[in-house]
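To begin, one chain is listed below as structure tokens, in the form predicted on its own.
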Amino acid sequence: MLAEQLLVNAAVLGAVLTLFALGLSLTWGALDVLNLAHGAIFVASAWVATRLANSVEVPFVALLVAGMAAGALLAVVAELIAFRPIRRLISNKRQAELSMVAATVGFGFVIDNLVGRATSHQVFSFPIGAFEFRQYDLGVFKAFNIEIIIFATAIIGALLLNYWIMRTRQGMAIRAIAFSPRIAPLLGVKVDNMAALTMAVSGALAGLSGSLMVVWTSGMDISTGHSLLLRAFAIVVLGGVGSVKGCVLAAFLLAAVETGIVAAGYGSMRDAAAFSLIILVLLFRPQGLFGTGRAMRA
């Protein structure tokens, strides 16, 4: 029974990490924006969903949509007030990237402080009754409905994101921006519009993962986003910047390692073991498991 439960825990943790890291990978791969405010957006979106649930009685799906909308809105605000002006004012690519990283740190700090004040820096959660927990016997193992929902959502979300990037006109435009932001406008791509859309999708993924995780863990605080951001950064590097399938594989690999370390009684070594694995992989594949050249990153 213990082994089956560890498998379920690893699968659900991997699914949460997948949804969260996909958003970070998308903006980094397509826009060269390492959004260090992604963790703060994750927490703020989850707080919006819980606040709505504590205010009115609405279906759980509506709460997820509210979390996604909050994440998308915050990400677009960051694009409009920080990233877009930096791209226009700073012509040097490397300097612009560093300025954007600094801007994301500041934006995340502001969000964390606002949510911290609203929650008095305490754990927040959904009210009792907002989600009805049920356990299912799946033969080999037992799992709660929220665990099944999280796993299925992550897989479906990854497939849809990959399809959007690889098979749609908008995805083609995003890949053109990833290849060259200067050449893309010559091909008819509206860079500002696509950048805002990319940020919105990234924020929505953060909001979805946050809203699901606050149910699974029965609560979170602003520190949760910081912990997940570190893992997501490792996942994107391990899987390859901009690679959807690499991100998924790396997320579940990292989740399996962490779950195994904790089960063995070395929970304090969880981060060290995980990042040691990353170092070993990158020694043999510096571009990550599925990383490719600059032209194919998105």
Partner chain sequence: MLHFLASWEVFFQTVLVNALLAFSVQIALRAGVFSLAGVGCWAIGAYTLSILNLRGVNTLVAIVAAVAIACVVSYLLSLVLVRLRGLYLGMATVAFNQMVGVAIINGGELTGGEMGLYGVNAPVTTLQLVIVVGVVCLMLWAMERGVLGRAYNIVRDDESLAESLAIDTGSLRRFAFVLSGAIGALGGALNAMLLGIASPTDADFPVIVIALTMVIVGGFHSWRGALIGAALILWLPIGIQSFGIRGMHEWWSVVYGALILGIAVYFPKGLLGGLQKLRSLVDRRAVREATP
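Positions refer to the first chain, counted from 1. All of these numbers come straight from a predicted model, not from anything done at the bench.
Below: the form predicted together with its partner chain, not depicted.
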{"item": "Answer range among 244 to 252, 26 to 34, 64 to 72, 48 to 56 for contact with its partner chain, defined in the predicted bound form as heavy atoms within 4.5 Å", "value": "26 to 34"}
{"item": "Three-residue site 271, 279 and 286 fully in contact with its partner chain in the predicted bound form at 4.5 Å by heavy atom", "value": "yes"}
{"item": "Its partner chain: the contacting residue among 138, 101, 166, 186 in the predicted bound form [heavy atom, 4.5 Å]", "value": "101"}
{"item": "Residue among 218, 113, 145, 122 with a heavy atom within 4.5 Å of its partner chain in the predicted bound form", "value": "113"}
{"item": "Contact flag, residue 233 vs its partner chain in the predicted bound form, heavy atom cut 4.5 Å", "value": "yes"}
{"item": "Heavy atom of residue 126 within 4.5 Å of its partner chain in the predicted bound form", "value": "no"}
{"item": "4.5 Å heavy atom contact, residue 290 to its partner chain in the predicted bound form", "value": "no"}
{"item": "Contact flag, residue 159 vs its partner chain in the predicted bound form, heavy atom cut 4.5 Å", "value": "no"}
{"item": "Residues of 51 to 86 having any heavy atom within 4.5 Å of its partner chain in the predicted bound form, listed in sequence order", "value": "81, 82, 85, 86"}
